[in-house]
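Okay, so here's just one chain, in structure tokens, the form predicted alone.
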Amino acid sequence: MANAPWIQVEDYKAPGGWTSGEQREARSRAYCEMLERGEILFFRELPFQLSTDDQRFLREQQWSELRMHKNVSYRPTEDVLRGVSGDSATVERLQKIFRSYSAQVIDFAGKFLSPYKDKWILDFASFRPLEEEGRDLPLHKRNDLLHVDAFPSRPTRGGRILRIFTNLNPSRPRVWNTTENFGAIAGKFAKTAGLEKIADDDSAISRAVQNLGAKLGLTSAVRSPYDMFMLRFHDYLKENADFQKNTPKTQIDFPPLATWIVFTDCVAHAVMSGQYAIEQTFLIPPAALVTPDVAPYRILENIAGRPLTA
């Protein structure tokens, strides 16, 4: 196994460390660059507020009806909670918890990763209450297979998928596998996965966009060649049994109540075990990136020899 691609942040709450000081912006920019290059930033303790009562309430709900779904989702821009049912008091409490959680994480991210603040697109928060090990899900929805993230319903046009996870399990780690960086994986598999065909066949892209939009009930989704390929690459990696079996793997055990930040569009990951994880997603536009040359869209454009986001 390779060395774990994570960096523990020790001093975020230290006096004078991040709440003040002339170096705050420079350090924040440096952490953005680490993330964009595929590092995982790790906090042993919560860097934001989420009360123990709220954590316990989330864990104690009966989530068995979600066995065929991946998570509970919350849309902070609309204040909409999905994937839950039950009495009104319970749903109201859950929505209040998610509303507060999302606001706390957004505030934390705006300070810790300040170059992205006011430029990001706020995406969903989600809660994963079911044990990941042994889940019976269709191939393309399995979390225990190495993959990079891409959203079928939300094209990014080169924007990055930034996620802040917290393991709310009080006694067990959340176990990930990771592998080589995006550049190495794309260099080996992008052409086999169909990058050149997607890059060159504009008519095929147009038809695929129309077909996907019709299936999702969307009429205005604008999907670039980059978005089309990333969806294909997500599926290709999960379908590739040789890659899943033989690629070098690094296991990372995220301890109880740990928080980690990662660009999941470039860090191939698989969730091997764990229960009760909560996360907030941000979409970081290309113009907000600190090191755009290492972004997946730039790597893929260099392989394809043409723009993929126009």
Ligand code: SIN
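The shown structure was predicted, so the numbers you read here are calculated from the model rather than taken from an experiment. A residue's number is simply how far along the shown sequence it sits, counting from 1.
Just so it is clear, the following notes concern the form predicted together with ligand SIN, a form of the same protein that is not shown.
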{"property": "Contact test, all of 149, 165 and 269, partner ligand SIN in the model of the complex, heavy atom 4.5 Å", "result": "yes"}
{"property": "Partner contact for residue 128 in the model of the complex: ligand SIN, 4.5 angstroms, heavy atom", "result": "yes"}
{"property": "Contact flag, residue 224 vs ligand SIN in the model of the complex, heavy atom cut 4.5 Å", "result": "no"}
{"property": "Close approach of residue 176 to ligand SIN in the model of the complex, 4.5 Å, heavy atom", "result": "yes"}
{"property": "Proximity of residue 102 to ligand SIN in the model of the complex, heavy atoms at 4.5 Å", "result": "no"}
{"property": "Stretch in contact in the model of the complex with ligand SIN, which is absent here, among 83-91, 114-122, 181-189, 157-165 (heavy atoms within 4.5 Å)", "result": "157-165"}
